[in-house]
Ligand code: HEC
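Given as structure tokens, the chain that follows is alone and in the form predicted alone.
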Amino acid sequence: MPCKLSTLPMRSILLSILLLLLALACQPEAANPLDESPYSLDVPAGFPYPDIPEDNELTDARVALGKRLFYDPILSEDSTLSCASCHKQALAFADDVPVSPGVQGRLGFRNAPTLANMAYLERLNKDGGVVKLDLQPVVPIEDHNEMNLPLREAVRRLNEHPSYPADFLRAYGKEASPFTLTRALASFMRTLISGSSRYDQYVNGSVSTLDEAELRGLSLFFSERVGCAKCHQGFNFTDNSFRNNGLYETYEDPGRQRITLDSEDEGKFRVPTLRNIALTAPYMHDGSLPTLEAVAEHYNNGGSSHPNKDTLIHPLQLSEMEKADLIAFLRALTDHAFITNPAFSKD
């Protein structure tokens, strides 16, 4: 049976094709959802610009998506916990308990660290077991005692969500995946830069911002006798090394040894930043020291006799006034603008 189209006059066929082509040509191009507007990162005076991976340049859309994910409990097994549950802005994105509870009240085994200035870390976690900030979110999301959600399930939830798919298209031009999920969270965390404390105002010329006790504490902190700055050095008050500070003679948590399997790394943990230290109690890797006073006493006594204890740890013989002055200086490292910055707050 001959095709009916063949009975039509050829002129009519050509005219129909022409009209169809004209109609297609007149239609607007499909909108590209990808938003590549660069994010303007606020870097304080005296801070270097952080290294940003080429495959995850900061954009407004990526930071906004990461912030939304950071505050959304959708990434936990039972949708009860978000990243912000253990990293609270008012506490410099740390927590105020020794070990934060995860889903179903399960406890991890380490104190939640501040997220301030994570953009400058080359190795993540207290033992340095994660080598890139873009990979770090996998740990809390999948950890049984934290959020306990397989990454593939997190991705499925996000792609079936009514509005997240559009957010991922704007940020990365593709749907949610393990790659885009972790990179979005890393983008937001890279913006959490803290460098506007009264100490920073002092070093940038406002010499009246520190009182006499704080200035005495500053002098002690940087002195050869006390030596705090030998480990807590530079713009972020850390050399990012891993050291045993003599907290215990026997460590339940082996620290960096979990990663290297080297007995000489037992009890070694990352030297933490001291920025906003007054807000991040309790202290140490396990939250075992409740106050700055307890921390000062630990270092003043010289710590335990563990064989891996760093040689810089020794009795300091500080007077009560000197300990108080050191603590006064540490409190001057609090960045109130950071903990109230609406750019970091939940919308």
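The first residue of the sequence shown is number 1, and the count goes up from there. Not measured: the values here are computed from a predicted model.
Beyond the structure shown, there is the form predicted in complex with the named molecule, which is absent from this document and is the topic of what follows.
Contact label in the predicted complex: L330 to the named molecule, heavy atom within 4.5 Å: Because a heavy atom of L330 falls inside 4.5 Å of the named molecule in the predicted complex, the answer is yes.
4.5 Å heavy atom contact, G195 and the named molecule in the predicted complex: Outside the cut-off, so no.
Exercise: P73 in contact with the named molecule in the predicted complex, heavy atom 4.5 Å: It does not: once the named molecule is placed as it appears in the predicted complex, P73 has no heavy atom within 4.5 Å of it.
Any non-hydrogen atom of Q89 within 4.5 angstroms of the named molecule in the predicted complex: Q89: no, not in contact with the named molecule in the predicted complex.
Residue stretch of 238 to 246, 200 to 208, 172 to 180, 158 to 166 approaching the named molecule in the predicted complex, non-hydrogen atom distance within 4.5 Å: Stretch 238 to 246 is the one.
Every residue of A112, L292 and V295 near the named molecule in the predicted complex, heavy atom within 4.5 Å: Yes: A112, L292 and V295 each sit within 4.5 Å of the named molecule in the predicted complex.
Heavy atom within 4.5 Å of the named molecule in the predicted complex - the one residue of M321, A45, L312, L34 that qualifies: Contact with the named molecule in the predicted complex is made by L312 alone.
E77, E146, D265, E214 - the one with a heavy atom within 4.5 Å of the named molecule in the predicted complex: Checked against the cut-off, the match is E146.
Stretch 198 to 230 - residues with a heavy atom within 4.5 Å of the named molecule in the predicted complex: In sequence order, F221, V226, G227, C228 come within 4.5 Å of the partner.
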